[in-house]
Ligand SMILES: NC(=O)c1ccc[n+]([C@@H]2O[C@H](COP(=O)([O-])OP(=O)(O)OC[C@H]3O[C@@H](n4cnc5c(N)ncnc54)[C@H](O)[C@@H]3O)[C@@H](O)[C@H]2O)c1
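Here you get one chain, nothing else, as structure tokens; it is the form predicted alone.
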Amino acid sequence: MIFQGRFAGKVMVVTGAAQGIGAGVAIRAAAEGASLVLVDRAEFVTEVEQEIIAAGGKAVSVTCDLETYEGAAQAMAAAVAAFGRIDILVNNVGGAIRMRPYAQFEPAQIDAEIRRSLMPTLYCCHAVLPVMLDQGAGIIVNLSSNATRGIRRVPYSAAKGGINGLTQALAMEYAESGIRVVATAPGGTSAPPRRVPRNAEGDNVQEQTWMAEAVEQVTSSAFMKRYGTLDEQIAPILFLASDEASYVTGSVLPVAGGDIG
């Protein structure tokens, strides 16, 4: 369902915008009037930009690595250069790289999970704050996960727990500056196959078994006993990003079929 004009005149930055939830949020927000800044390290993010423009929307893409602070600063600077302001930031970058019992993780693998699923959001929030403070207004929507209570991905769970803490503390700190900070906590979500694999090294037979165990836990923990759809994740994100949620800040909304994470 499209709400015509809901984001008219708004500039929205979406990270991880090349595919999945991020691409869906960007395309729908553009259809609802937002000017989009699409950020991803995958070069095919330009395909989402072209789709939005072909449909009559406004979008620019920025290719950078948000696992570095320089990448986050580059993204926000590009948004201001293109549109002069940033009204909404949707922090969508993240995702478990490996699924295995915690005792089986190597130290470098733990670091990689935190770098992937916490640092881009932490960096982007910091990089966007000067812009929003200067404007006296802004909305940040972070993506957490119901995996804060789950098996076979403890480092990822810790990273997403960090997103929850960041959301609540940042909301308290900057509410009087006119900045809202909220999050959704998606559960398992059905999506097309990733064009960039979450684990570039691939999963061996044992890792595939551990992943199957995690999938079973996610499904059984949901009251609805199923994965959600992309649309079921996109809609709550855009609600929280909209003025309809103007009295909501510091909240983490579970979107996981009844599993609160």
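Don't overthink the numbering: it's just position in the shown sequence, from 1. Predicted model, so just to flag it, every value in this text is computed and none were measured.
Omitted from view is the form predicted in complex with this ligand, to which the following refers.
Not displayed here, this ligand is kept clear of A212 by more than 4.5 Å at the level of heavy atoms in the predicted bound form. At a distance threshold of 4.5 angstroms between non-hydrogen atoms, V128 is out of contact with this ligand in the predicted bound form. Contact check for I88: no non-hydrogen atom falls within 4.5 Å of this ligand in the predicted bound form.
Although the partner is absent here, R152 lies well away from this ligand in the predicted bound form, with no heavy atom inside 4.5 Å. Annotated contact segment (heavy atom within 4.5 Å of this ligand in the predicted bound form): 136-144, selected among 164-172, 136-144, 76-84, 106-114.
Put simply, of E207, D65, E51, E232 only one has a heavy atom within 4.5 Å of this ligand in the predicted bound form, and it is D65. For the partner-free chain shown, D40, R41, A42 of 27-49 come within 4.5 angstroms of this ligand in the predicted bound form, judged by any non-hydrogen atom.
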